[in-house]
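Okay, here we've got a single chain as structure tokens, the form predicted on its own, with questions on binding and movement later.
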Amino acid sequence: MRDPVKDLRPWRDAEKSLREITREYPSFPKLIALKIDAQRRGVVYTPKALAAVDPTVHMTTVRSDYYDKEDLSPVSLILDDGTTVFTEGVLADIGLEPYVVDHDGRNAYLLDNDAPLARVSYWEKPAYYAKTTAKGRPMWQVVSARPQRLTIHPHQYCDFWKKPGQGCRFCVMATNYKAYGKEARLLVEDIIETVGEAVKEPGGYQSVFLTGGTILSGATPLDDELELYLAILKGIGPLFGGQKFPSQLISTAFSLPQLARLKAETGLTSYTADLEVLDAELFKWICPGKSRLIGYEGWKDRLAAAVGLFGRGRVNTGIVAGVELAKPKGFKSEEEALNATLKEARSLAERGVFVVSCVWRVMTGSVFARQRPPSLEYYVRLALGLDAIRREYGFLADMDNYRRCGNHADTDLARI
């Protein structure tokens, strides 16, 4: 019997299909494997699928540091088990055929080679998306919503890009900023007002999440970035009835004095600073600005220092899984890359820091736009490996799991 998700195209012949992966790794949930593959390859919508979008109900607009969208296609998808599939951004044409979303008049489905694989639904937008701030800013541009959290991107540019060649090679933040001509920083007053409207709505937001581009300025490097996050966290804290509330910050890796201020002056309950890739030499190549400012070992030391303040299991670091195989300087094989990445993840776990992975979505406008991500099997094995390390070291991952983020296949496995 012909496998409906495998044909004679070269890239399909070169790797195992979704069906083969789910047979070979029976403990790995099929819908999480499908989520990974859809994010890796992207999705497109048929006319019937687009006709089923109701812009009064579904989320079709988003503004963030790396993506601006105002058309009538859905922002992203949800699978039947609640797994979120992030389809934001414009993928580069790297020869991997995207999945297709189609609609039969009642339900939407994710298809590959015309075979329906899973039912999907479109993200619904919150009521505050239709409101504006007192200063006239549409609230959807200030705070975006996932099904489970509020997301704030207060600085939508990265200072590393001010010097040519210093931005991360997979990133499209500078491209997006220049394409839309938007201001770099949001007004703190707009953010506080918008969060205030969002929390009035009944629903299931599990946390507030902040992240943005690096701000290098200040009396010491990153001081101005710190001050921006302090102002936001102090401003929205009272909206939750007290100083502490479920929250996550992804920032540049702050120094110990800066981290101490975050802990002492805000209700922040967890901390993240993304290494992006777990290899010292590749860090220099892929993240040159981060490498020059802090360095690979320095970044890890700052993460470990954060554990002393926030506690084990409340500090993690994200990687753009797959960039470690980027040519020409990346690992030469998936096996080599997997072993090296998991070895480094274990060394971080020994210091109280756990690793979460995002699928490398090769974006138009990035330095790596002509690269190709690794196979689905690589991502499945990486997720299983990171999940095993997290369980071994007793990290619950509740700060960054499927309920509070939804972007990490490895923490999706915490549901099991």
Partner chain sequence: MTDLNLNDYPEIVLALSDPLTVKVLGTIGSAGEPRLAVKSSIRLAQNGVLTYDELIETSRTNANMVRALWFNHKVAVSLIAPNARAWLLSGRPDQVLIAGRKFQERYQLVRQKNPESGLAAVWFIVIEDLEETTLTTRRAKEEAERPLLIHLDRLL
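Residue numbers count along the first chain shown, from 1. Not measured: the values here are computed from a predicted model.
What comes next is about the form predicted in complex with its partner chain, which is not displayed.
Worksheet item: Looking at its partner chain in the predicted bound form, do all three of S73, H103 and L150 come within 4.5 Å of it through at least one heavy atom?
Response: Checked in the predicted bound form: no contact with its partner chain for any of the three.
Worksheet item: Though only this chain appears here, would P202 touch its partner chain in the predicted bound form if you measure heavy atom gaps against 4.5 Å?
Response: Yes, contact at 4.5 Å.
Worksheet item: Is there a heavy atom of L31 no more than 4.5 Å from a heavy atom of its partner chain in the predicted bound form?
Response: Because a heavy atom of L31 falls inside 4.5 Å of its partner chain in the predicted bound form, the answer is yes.
Worksheet item: Within a 4.5 Å heavy atom cut-off, is K125 in contact with its partner chain in the predicted bound form?
Response: Residue-level check for K125: yes, a contact with its partner chain.
Discussion item. Taking its partner chain as it sits in the predicted bound form, is R119 near enough to touch it, meaning that at least one heavy atom pair lies within 4.5 angstroms?
Written reply: Yes.
Worksheet entry | Candidate stretches 62 to 70, 45 to 53, 355 to 363, 23 to 31 - the one whose heavy atoms come within 4.5 Å of its partner chain in the predicted bound form | Of the options given, it is 23 to 31.
Worksheet entry | Listed residue that, although its partner chain is not shown, lies within 4.5 Å of it in the predicted bound form (heavy atoms), from D93, D301, D81, E227 | Contact residue from the list: D81.
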